[in-house]
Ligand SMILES: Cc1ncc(COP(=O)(O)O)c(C=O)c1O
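Shown below, as structure tokens, is a lone chain in the form predicted on its own; questions about how it binds or moves come after it.
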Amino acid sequence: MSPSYKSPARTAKSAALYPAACAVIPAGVNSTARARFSGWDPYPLFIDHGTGAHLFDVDGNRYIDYLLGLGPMLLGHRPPRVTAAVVKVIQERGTVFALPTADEAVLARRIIGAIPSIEQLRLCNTGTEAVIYALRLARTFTGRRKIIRFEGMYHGFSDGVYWSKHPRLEDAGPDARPVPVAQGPGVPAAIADELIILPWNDVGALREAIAREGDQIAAVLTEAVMCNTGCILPESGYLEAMRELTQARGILLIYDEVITGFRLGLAGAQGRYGIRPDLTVFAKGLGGGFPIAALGGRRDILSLASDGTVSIAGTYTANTIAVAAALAALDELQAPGAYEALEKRCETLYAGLERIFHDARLGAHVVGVGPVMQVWFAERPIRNYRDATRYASHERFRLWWEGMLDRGILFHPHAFENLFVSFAHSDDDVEATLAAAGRVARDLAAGA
């Protein structure tokens, strides 16, 4: 790792703010992904403001932003109509009532209308909350206790699933049959008995686990596209096989579409790939930059919450800010041609990057679907977490990140995160990004 940024003078104010923040905030930040040990080394950038597809740090540097708050800013920063809707509802109505508003059902109907697998839904505050409730419903509905989840995926920070996200391979067991590894201390060890950890993109491993323990498995919890170890696409037939195997044994299929929901189209990844899960969790793409999540799915499963058999609670759930933001965001997302224009822009960006890497002979390839992608500096395809750990060069990615940052292009410094494209990115932003990428690629090829 580089001991400093490529041009540290550009971020002198961030450097000065960081020690003061560390004095009162552990690690100086309020989320792990912003910490120095997550790649923001030697200090995270301190941001002043964002507008559209651009961020401005406290030193006055302007960046074309592909970090996008780790995903929520699908419409860009401060989208005018969403911002106006939120201001209006605060000024005219209030924020939290502990009683329903009519707008909650309006939002539910619009989500149900967009996603074929959703018959009923409950709103939540975060993806983590929604996953907790999804698993609670699944265990109650099936009467079983075990959950299958996949190595390299992240489903929130609750004790029940904060396992085997990015484990050390020496702790994680054999490739074909990983063992649960807690993300850190403080997670009760007994939870391991309720988890079956599998490799992604391995139908055989899934089939074997279901044959072995199917009568004890309540649910398979998965992303349709792995978006928490870079961007890893499902291999042909994999998602279809997962649906068939779970359905045959009465195992619920839960899609975590916190990242892919509303990002890969109005119907998310499940719409793109033509799969109908039993339950789905949404969050980041739904709120136009404001915190909101949703848990939806089959009516017979969600009905467990109708009489309180399964409690789904939350003081701030369905607050007027979140609901107004989501309704305004859906107005933007449902505009005719919106996704088609975004996809075209992404195709231009991805094809341009591929051409740049090929011409520079850097041994890198771009993997993306819709407006989420990652660059893998690897000589072979990456199909699961262990491939990413063994074959992707984090050192080369860091140099790539430093060079792009120095030229005003911002994304996360860790190769296991993603680059996100927003509806606010313009053709000029893409052109400027490719111009910067070309210069950085030439520098890397020359060893500069």
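A residue's number is simply how far along the shown sequence it sits, counting from 1. All values derive from a computational prediction rather than experimental measurement.
The discussion below concerns the form predicted in complex with the named molecule, not included here.
With a 4.5 Å cutoff on heavy atoms, residue 127 counts as touching the named molecule in the predicted bound form. For residue 117, no non-hydrogen atom is located within 4.5 Å of the named molecule in the predicted bound form, even though that partner is not displayed.
Residue 201 falls outside the set of residues with a heavy atom inside 4.5 Å of the named molecule in the predicted bound form. In the predicted bound form, the named molecule sits within 4.5 Å of a heavy atom of residue 156. Residue-level contacts in the predicted bound form: of 101, 142, 183, 228, one residue has a heavy atom within 4.5 Å of the named molecule, and it is 228. The partner is absent here, but in the predicted bound form a heavy atom of 259, alone among 137, 259, 254, 295, sits within 4.5 Å of the named molecule.
Considering the named molecule in the predicted bound form, the lone stretch of 148-156, 368-376, 264-272, 231-239 in range is 148-156 [heavy atom distance within 4.5 Å]. Along 262-289, one residue reaches a heavy atom to within 4.5 Å of the named molecule in the predicted bound form: 284.
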